[in-house]
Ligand SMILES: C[S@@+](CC[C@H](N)C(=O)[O-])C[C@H]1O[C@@H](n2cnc3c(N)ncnc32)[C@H](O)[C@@H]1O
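Below, in structure tokens: the form predicted alone, a single chain.
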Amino acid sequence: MAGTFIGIGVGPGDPELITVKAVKALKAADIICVPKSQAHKQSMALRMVKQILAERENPAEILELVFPMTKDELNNRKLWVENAAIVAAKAKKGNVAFITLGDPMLYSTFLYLYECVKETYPEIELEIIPGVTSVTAAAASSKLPLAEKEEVVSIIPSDLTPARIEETAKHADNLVFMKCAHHIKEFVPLLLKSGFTKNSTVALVKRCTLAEEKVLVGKLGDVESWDITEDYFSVAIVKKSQVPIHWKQNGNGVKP
């Protein structure tokens, strides 16, 4: 009988934010599948679960799979199919846990593999264990609510065109920029044309929940003066309204 392919969200970075259910699954799975953008790169997700795996009675097999971050759809599809075949072969003999940052069902690498396995190997049981997202973690770190009452929230991925960003912003009260937040200065003119103002509240969170976390909170009109460096692991929250800041900051809007 075939085993189970389990997608596990391990959260935004802090190992203490991994759910109890995820911990149990990680300690029980026969194989831990680790996605990597390049073969030689270390996996942040694997580092996060290192202590959990060390507490196992029997060590798990670590299966590293490469998922290059490119827009070559044909080659990407080929790799997904190949990796799905590898996972399926393993899952037919035991349970395979696929770890992914954040949540498996929100802009994760797991989704591509999940679809391939579901379509090609229907005999394999699928399970998904949700994780804390960088979206909610960034809201907690910046102490800015994502939504109140009837507010509408839109999540904007890294490759959205300026036209899509502008149009989306017209219909949202709050925006979340994922994986492209270091470009927030470029987005300001688009937001100002879409109903946001220079007094709209904005938060930029880098390396959320990690030791090197950096949080900037202020007004949209102040963003131009912020010192922002490129970082893939960054999230920006922009609220159309002006929200009171409940913790002290220095002159650059940085959380001390």
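Small disclaimer: the values here were computed from a predicted structure and weren't measured. All residue numbers are counted from 1 along the displayed sequence.
The same protein has a further form, the form predicted in complex with the ligand, not shown here; the description that follows concerns it.
**Student:** Is Thr133 one of the residues lying within 4.5 Å of the ligand in the predicted complex, judged by heavy atom distances?
**Tutor:** Within the cut-off, so yes.
**Student:** Decide whether Lys36 counts as a contact residue for the ligand in the predicted complex under a heavy atom distance cut-off of 4.5 Å.
**Tutor:** Although the ligand is absent here, Lys36 would stay clear of it in the predicted complex, with no heavy atoms inside 4.5 Å.
**Student:** Decide whether Val66 counts as a contact residue for the ligand in the predicted complex under a heavy atom distance cut-off of 4.5 Å.
**Tutor:** Result no; Val66 lies far from the ligand in the predicted complex.
**Student:** Is there a heavy atom of Ala203 no more than 4.5 Å from a heavy atom of the ligand in the predicted complex?
**Tutor:** No, Ala203 sits far enough from the ligand in the predicted complex that none of its heavy atoms falls within 4.5 Å.
**Student:** Which one of Met178, Ile129, Ile184, Leu79 is close to the ligand in the predicted complex, taking close to mean a heavy atom within 4.5 Å?
**Tutor:** Spelling it out, the residue with a heavy atom inside the cut-off is Met178.
**Student:** Just one of Leu191, Val49, Ala29, Cys208 has a heavy atom within 4.5 Å of the ligand in the predicted complex. Which one?
**Tutor:** Checked against the cut-off, the match is Cys208.
**Student:** Judged by heavy atoms and a 4.5 Å cut-off, are Pro12, Tyr107 and Val235 together in contact with the ligand in the predicted complex?
**Tutor:** Yes: each residue has a heavy atom within 4.5 Å of the partner.
**Student:** Given a 4.5 Å cut-off on heavy atoms, tell me which of 98-106, 142-150, 113-121, 163-171 is the interface stretch with the ligand in the predicted complex.
**Tutor:** It is 98-106 that comes within 4.5 Å of the partner.
**Student:** From first to last in sequence, which residues of 39-54 have any non-hydrogen atom within 4.5 angstroms of the ligand in the predicted complex?
**Tutor:** Heavy-atom contacts to the ligand in the predicted complex: only Met44.
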